[in-house]
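So this first bit is one chain, no partners, the form predicted alone, shown in structure tokens.
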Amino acid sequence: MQILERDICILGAGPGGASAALQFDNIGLPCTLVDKAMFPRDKICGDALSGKVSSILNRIDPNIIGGFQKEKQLQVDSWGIRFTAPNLKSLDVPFKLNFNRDEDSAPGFISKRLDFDNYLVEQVKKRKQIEFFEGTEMTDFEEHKDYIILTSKDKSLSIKTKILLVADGAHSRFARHHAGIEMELNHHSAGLRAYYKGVKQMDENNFIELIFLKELLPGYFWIFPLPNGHANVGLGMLSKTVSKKRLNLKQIMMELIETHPYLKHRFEDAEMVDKIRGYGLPLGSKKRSISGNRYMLLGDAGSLIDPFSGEGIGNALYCGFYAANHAKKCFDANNFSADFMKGYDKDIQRVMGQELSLSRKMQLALRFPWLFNLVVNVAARNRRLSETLTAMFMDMNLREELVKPSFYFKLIFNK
């Protein structure tokens, strides 16, 4: 067995772990990154990369996102969201008002996780201060006051580390058995994803589509454009609803594609190019402790997926950035206690707490589909309201209006 002693170990090389490693390199702290997979590897996901992704990668290294934008075979630029209400009327909400594709940089992207995650790992491999172990699954953990020991499943590697960043996803063994993160059906979503080619009526500006069919509420169906005429197609639904009604999501997805009037004609000549795959999304709809003595939980391992949009990639990247910065504070103060680690929790709550709280309220509002129908109906006829909704999705303070009864009262009586 190879036995290593390291100051910093990161478990998982997805967006959260990779961003943490890159930020450690920026601030001059060597780290060890371990992942059970060999890259490139697939990750079941919606594949949408929001403006958060560009924002935080620019803070880590502008060359990363700049280089990714040039990889046209790996991604398509996305300029907004198309919301389709339960009454099947749609509303386009651009990420930026009055955008010019020839002059402006795209606020968002869509890229297969197979490609995006591998792109980040390639950036990691270029950094000399990052030690990277691929194909190494760490399954055993020993927590001590002054260190944590990780041991691989095949007993070939053991790492004794002063601080551990846990970024190994929704099924994290450490998060479950050592950090006390439990899967709660009311704060968890079940998702399906398949890749198609030949889906009709894709938006020319690559707007991602969130289709809130009454059959899926409080979940939704999605269609996200990808390079080469492909699309990521899937659906997500609250796990509590799936369990309570004993639903077969795969069957529901295929029935909707084959028979629903909004979808049938769009898929009549489409071809599935990959089988339907399922995954779980631990939602950030409940505030949890995401740190402890000598460890921090990042991204999905900390249950930080947006409960309304399902976004997890941007949140994971932010976690990696802030976890690395907080780790430096720990070394500067020589303090790795659970109390000191709470500074990381506070950082994440400051950056994401308000948005996650609002998204939870918006998720709960889907229990009243007539509200969604009302907003789309009025906004489709009222340019000022449509522009206001765009601003709301860009400005957190304005977005708070969406969960206030007064917003809908004004909408009803001033429409």
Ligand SMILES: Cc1cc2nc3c(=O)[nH]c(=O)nc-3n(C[C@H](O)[C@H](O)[C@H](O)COP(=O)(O)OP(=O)(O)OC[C@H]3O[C@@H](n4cnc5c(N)ncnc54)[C@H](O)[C@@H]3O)c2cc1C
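A residue's number is simply how far along the shown sequence it sits, counting from 1. Owing to the predicted nature of the structure, the values given are computational and were not obtained by experimental measurement.
Keep in mind that the form predicted together with the named molecule is missing from the display, and what follows is about it.
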item: Option touching the named molecule, based on a heavy atom within 4.5 Å in the predicted bound form, out of 325, 136, 293, 84; value: 136
item: Position in contact with the named molecule when the complex is considered in the predicted bound form, options 48, 31, 56, 379, heavy atoms within 4.5 Å; value: 48
item: Partner proximity in the predicted bound form: residue 224 to the named molecule, non-hydrogen atom cutoff 4.5 Å; value: yes
item: Close approach of residue 280 to the named molecule in the predicted bound form, 4.5 Å, heavy atom; value: yes
item: 4.5 angstroms heavy atom contact with the named molecule in the predicted bound form for residue 217; value: no
item: Contact label in the predicted bound form: residue 21 to the named molecule, heavy atom within 4.5 Å; value: no
item: Segment that reaches the named molecule in the predicted bound form - one of 75-83, 280-288, 267-275, 178-186, heavy atoms within 4.5 Å; value: 280-288
item: Contacts with the named molecule in the predicted bound form - residues in 10-45 whose heavy atoms fall within 4.5 Å; value: 11, 12, 13, 14, 15, 16, 17, 34, 35, 36, 37, 39, 41, 43, 44, 45
